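What follows is a single chain, given as structure tokens, in the form predicted on its own.
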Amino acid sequence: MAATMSNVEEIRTRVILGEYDIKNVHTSDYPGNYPGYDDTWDMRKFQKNFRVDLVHLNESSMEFDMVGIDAAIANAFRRILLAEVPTMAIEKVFIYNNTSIVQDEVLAQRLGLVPIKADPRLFEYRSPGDESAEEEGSEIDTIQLQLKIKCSRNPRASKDSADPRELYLNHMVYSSDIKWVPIGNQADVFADSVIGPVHDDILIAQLRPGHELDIVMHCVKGLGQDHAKFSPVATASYRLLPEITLLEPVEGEMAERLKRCFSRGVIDIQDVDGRKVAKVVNSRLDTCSREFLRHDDLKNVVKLGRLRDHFIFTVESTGILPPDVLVTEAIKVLMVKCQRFLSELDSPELE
């Protein structure tokens, strides 16, 4: 009976990676699925088991653990981060002069994908209107940028030089050449903010003497589900926490081979009474490559699994907003969705 209960507990809490298959991948924690287990939703139980552990945070990336939730909720956070946290991006490109070799539509596409450093929470969505209203915009829903540059020969260049960096002036157009043109009272409202491209070294075009760009751009608030340029993250992903179990002691040369089968830092060799014994040090670093299954004498001494409710999240921001702010905004979006769903349930139309 104990063995049976242990097997059930493993199915409920672990995903097992076998040699030819992956077991226990389905969700099974719903009421009545397992005799003897009460899987009825309990808020107090959820609050007790749920936790978020911050592992790493800097201005561009973040790693944290979310423990005690179902895969559906974890995936909801991932999808919201990718597609439903708003940002500001270039939507309208007005090209007054372009004598470079880059076609207008290609140049507009390149400009649209340049991430813009501006807090979207301080702006409103553009309301649909006539064409003239869309072109003008206003200080509450539009950021205006300008790119005006002309390439010329460098009069101080050496006659024998063949280096374009020495021969020409302004021949490389970077995102740093894009300048913010305040609309209305934006200069006062955003006096403490630096609005413009997140990175100054994004190459936009290459010019030669006589080539000129004169462009005005309008940035608006949008969502990644409408266009990828509005997505605030370079990547947002999660994985289950690996669990590596040694079913029997692994010693000597086998221990050395086992260590090489895993990522660096996962397995360590310890000296126990003069014997070299393998020990699992940090299973979190494992990539679940299952390399040990290539060795006949190792495949039956290692059990590789993943904790079903322990998600390791990685969020890499494009630089528009810090990653911790993005996660907070994603949680707010999910809360609004839940509230809207509850309101629909209470709607008289459903009664």
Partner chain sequence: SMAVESEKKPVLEMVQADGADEGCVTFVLHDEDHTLGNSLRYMIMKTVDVDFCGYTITHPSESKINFRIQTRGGIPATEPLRRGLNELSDVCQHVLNTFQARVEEFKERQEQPME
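Numbering follows the first chain given and starts at 1. Keep in mind the model is a prediction, meaning the values are calculated, not measured. Here the rigid core means the biggest group of C-alpha atoms that line up within 1.5 Å when the two forms are laid on top of each other.
There is another form of this protein, the form predicted in complex with the partner chain, and it is not shown here; the text below is about that form.
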Thinking of A76, I80 and Q339 as the candidate spot, does the partner chain come within 4.5 Å of a heavy atom on all of them in the model of the complex? yes
Contact flag, Q225 vs the partner chain in the model of the complex, heavy atom cut 4.5 Å: yes
Quick one: is M62 in contact with the partner chain in the model of the complex, heavy atoms, 4.5 Å cut-off? yes
Flag K332 as yes or no: does it have a non-hydrogen atom within 4.5 angstroms of any non-hydrogen atom of the partner chain in the model of the complex? yes
Is it the case that T27, even though its partner is missing from this view, gets within 4.5 Å of the partner chain in the model of the complex, heavy atoms only? yes
Interface residues of 288-327 toward the partner chain, as seen in the model of the complex [heavy atoms, 4.5 Å]: D324, V327
After superposing the rigid core, is the C-alpha displacement of T328 2 Å or more between the shown form and the other one? no
I want to check I22: does it shift between the shown form and the other one by 2 Å or more at the Cα, with the core superposed? no
